[in-house]
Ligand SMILES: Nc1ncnc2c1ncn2[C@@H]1O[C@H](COP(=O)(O)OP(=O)(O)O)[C@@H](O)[C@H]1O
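Take a look at this one chain, the form predicted alone, written out in C-alpha cells.
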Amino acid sequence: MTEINNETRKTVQDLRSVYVPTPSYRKLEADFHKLLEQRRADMADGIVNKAEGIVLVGQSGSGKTTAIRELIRKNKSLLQTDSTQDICEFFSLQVPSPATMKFVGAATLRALGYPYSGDKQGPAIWDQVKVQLKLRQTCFLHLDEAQDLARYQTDKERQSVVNTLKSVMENSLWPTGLILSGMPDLKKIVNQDPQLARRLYPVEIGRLHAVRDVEPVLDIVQKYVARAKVKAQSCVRKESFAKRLMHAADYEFGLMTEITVQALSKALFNEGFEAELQLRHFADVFFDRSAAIDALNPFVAEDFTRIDPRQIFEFDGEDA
C-alpha cells in the first residue's frame, strides 16, 4: 500500500462530498423554491395561509437523505438552518422509534430546544410544538424515515397521524410546511387523506433501469474518475460493467454512486494518483460490504443477475 498523503485524503474527501443532481433532485429543489418564495411573499404581506409541503419517497439506498442534505446545503443563503440559533427556519428530525405521535412530538420539542415534560398527552405536546415552531420562526419541518409513522398502525391510528400533520400546516398562528421523506410505505399516510395529499408535492426517486441507464451510469463513473485525477481501465467503460454496477447497487442511484466513490477511494489509498480504476476495485468494495464469495459477487460472477446484492454473509452452499 502506498503512503497516504494529505493530497490523497483531500481528494477522497472531495469525492465523498460530490453530489450528482438527478431529475428527481431538480424537481425537489424546484418545488422547495416555489414553497419558499410563496412563504416569503405571505410573510412580507402579513398574510397567514395554510402551508404546503413535499413528500419524498424512495427505496433504501436511493439517496433521499443525501438529497435533503444537499437541498439544505445549497439553500443556506436563502434561509437560516442552524438549529443552535434562536431562529431556525428549517428543522430536520429523524422519526424516532416507537413512532407514536406522542413520542415524535416529544422528540420534536427536544430538537427545538424546549424542555419536555413527560406527563402530557399527544395533542398537548403538539400544541407545544406549534408554539415552539412559531418562536423559532420555523418555515419547514423535515421528518425523515416518516414511513414509520404508519408502521404497525390501524387506519384509525394513521388518520390521527394525518390529522396531526395537517394541523401543523394549517396552524392559524404559524403554519409550518412539512417535508416528509421515507420509504414507499410513506404513500399510505399521504393517501390516507385527500386533503393532506393535496398539500404535498410528490417527488419519487425511481430505481435505475438496466438498459436505459447504462450510458448515464458510465458517464457518472467517468466524471468521478476525472475528479479523482486518475485513469480508468477499459473494462469500467463497458456496458457490461454498468449493468454489474447497477445490479450490485440493487438499481438504487445513491448506492451506485456510493460504491463508485468507495472503489475510487480504495484505488487511491492503495496506489495513489498512479492508480487505474479497475473492476477488481469494485469487486473488493462489494466484498467489504457483504463478505460475499466470488460466486456471489456481481463484479465477478458470470451469472450476476441471480445474486441478491442486499444479502451479507451469503455463501454458495451449506455452512460448514
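From 1 onward, residues are counted along the sequence shown. In this text, all values refer to a predicted model and were calculated from it rather than measured experimentally.
If you look for the form predicted in complex with the named molecule, you will not find it shown, but the lines that follow are about it.
Is the gap between residue 62 and the named molecule in the model of the complex 4.5 Å or less for some heavy atom pair?
-> So residue 62 counts as contacting the named molecule.
Find out whether any non-hydrogen atom of residue 241 is located within 4.5 angstroms of the named molecule in the model of the complex, and reply yes or no.
-> Judged by the heavy-atom cut-off of 4.5 Å, residue 241 is well away from the named molecule in the model of the complex.
Although the named molecule is absent from this view, report whether residue 304 comes within 4.5 Å of it in the model of the complex, heavy atoms only.
-> Output for residue 304 is no: heavy atoms all beyond 4.5 Å of the named molecule.
Is there a non-hydrogen atom of residue 35 within 4.5 angstroms of a non-hydrogen atom of the named molecule in the model of the complex?
-> The answer is no: residue 35 has no heavy atom within 4.5 Å of the named molecule.
Stretch from 27-35, 264-272, 54-62, 41-49 whose residues place a heavy atom within 4.5 Å of the named molecule in the model of the complex = Of the options, only 54-62 has residues within 4.5 Å of the partner.
Scan 254-283 and note down the residues that get a heavy atom within 4.5 Å of the named molecule in the model of the complex; none is a fine answer too.
-> Heavy-atom contacts to the named molecule in the model of the complex: 254, 255, 257, 258.
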